[in-house]
Structure formats: C-alpha cells, structure tokens
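What follows is one chain in structure tokens, specifically the form predicted on its own.
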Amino acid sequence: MNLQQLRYLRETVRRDLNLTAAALALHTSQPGLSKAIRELEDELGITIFVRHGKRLTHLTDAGRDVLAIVERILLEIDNLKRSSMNWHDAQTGELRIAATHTQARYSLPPAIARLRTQYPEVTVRLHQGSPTQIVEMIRSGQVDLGIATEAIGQQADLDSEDLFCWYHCVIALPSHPLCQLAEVSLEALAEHDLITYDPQFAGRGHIDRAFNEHRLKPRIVLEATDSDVIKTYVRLGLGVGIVSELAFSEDDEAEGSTMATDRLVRLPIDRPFARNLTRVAFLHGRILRRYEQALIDAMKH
C-alpha cells in the first residue's frame, strides 16, 4: 500500500467515479489508475467499487469505510506539511477562497488587501458560487476556505468560525411612494413589488420568515444572486430592493451620479429581518496555515 494508491482512490471518488477524469486530474493514464485501485483492493482483501464491465458504478459498504479512513490519512499528511510550513513561517503559497458574490464583492476586498500587505508573496485565487457549491468546493479540495452566510455552518465534515453579523436593508428610488413615509412597516412593504435574493443566497430565508410570521405574502417580482444586479433593477424602477447592508454604501445614495436615476435611498424600516451570520469553513481537522488564519482574523469584526 502506498500514498499514490490512496490519492488515486480519493480522486476517483471526487470525479464521480469517472476514471478518465480522475486520470487526467492526476496526470496519469487510465489503465495505470485502474491497476493501482485493483492492487489496493487485492492488498486489503475487499472490493472497494462495484463495477459494470470496466465502468465503476458505486462504492461498496466496505469501500465507504475505506474512503473515510483514506480521507483522514491524506488530511493528516497535508496537516503535516502545513505544520512544517508554519514552523518555518512561510511567506509564500497559494490561498484558494470560495465565496458568494456579496462576500467576494463587499467583505473580502479589505481583508485581502490587508493579507497582501502582510504576506505579499501569497497568491490568492478567488472562486464564486452558491453556498451549496462552496461546500462542495471545500469537500473536493478545490478551495481551502469557503465564506458564506448559509449552509457552511451546518456541515458535520466541515469546521467553521463566525466572522461577522449583518442585517438586510430596504432600498428604492427617491421617487418611490414608500420614500414619503416617516417609517415603513413590513405590511406596507408587502404591498409593493420587491426585488431580492435567490432563496439560496444572502439570508433569503430570514426575509421569507419575517413575512410568514406576519402572515404576509410579499410580491417578489425578481430574484437574483448578485446584490449589484438587484440594485440595477431597483434603479430601473422595477421594485423595492431588499439587499445586504454590506452592499449598500454612501456611493449609492450620493448625488451627482452619472444619471439622476443612479441614486438610491435606504428606507426607514426598523430591521424587520433577523440578523445574519457570515462564517468561514474548511475541512474538519485541517490545520490552517498562518496566512489563512491571518485572512480570517482580518475579516472578523
């Protein structure tokens, strides 16, 4: 048994049992990959994969047990390397981050700028996706850290840390009728066309829950994954926007924009939606490199 066989097994599972894709990712041949897996099965005396001809169809029960152990072994080997790097105070490396659009656009930039000052030789690779996609990117080893509000804090195979809390705000064009009110109620908001996030993104569940608890049926006419897209459609007069307060700044309210219709205002509504918590997640048991912890610390507030 050798580490190469273990890596071949893990990659095959990560590539949905597609031997061609796994061999390509591992820079080896498909016959060589198949042979290594067969040899591992022979040495262990068990069948790891169910086969249909030359095609792998699924893991056996024994194969699932073996895979869990293999994942732990390879994680600890990676931890050994990271621990060594930390003791040498490594200033170089690659940090792969997955985040939702709101986090990538509004929360991460100052933290990455601070990281680059502290670790100028570290390369940052940023991926964007839905919370579900981010979880899968962490699990597959495609990224080191995942940052989102939903999903990542409830995964048994991931460790997570709280970063910061935020609320939603309600925005509209200055000409919108709701701007004439001294205070906007949730009931008044439900009577107008609304533009907000896709159900998977940016605390949308808290928005739906608030309306449901008041037995209101909001008129949501457009959903998007991107805060800037929501603001664009609000500027077109298609409705009132509900966005993360992270995505609304003084620039949105500033006079003297390129067009008068560029200006948006924040409506006076007393935080009817529950607090959201943004987290960072990584594989359970994984030792963080110093620059990874530095980024996490820079995002906490």
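The structure displayed is predicted, hence computed values, not measured ones. Heads up: residue numbers just count along the shown sequence, starting at 1.
The same protein also exists as the form predicted in complex with the DNA; that form is not shown, yet it is the one meant from here on.
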Original post:
Has each of Asn2, Gln30 and Lys54 got a heavy atom lying within 4.5 angstroms of the DNA in the predicted bound form?
Top reply: yes
Original post:
Among 64-72, 46-54, 264-272, 235-243, which stretch has residues with heavy atoms no more than 4.5 Å from the DNA in the predicted bound form?
Top reply: 46-54
**OP:** Tell me, yes or no, whether Leu19 is in contact with the DNA in the predicted bound form, where a contact means a heavy atom of each within 4.5 Å.
**Re:** yes
**OP:** Check whether Asn276 has any heavy atom within 4.5 Å of a heavy atom of the DNA in the predicted bound form, and answer yes or no.
**Re:** no
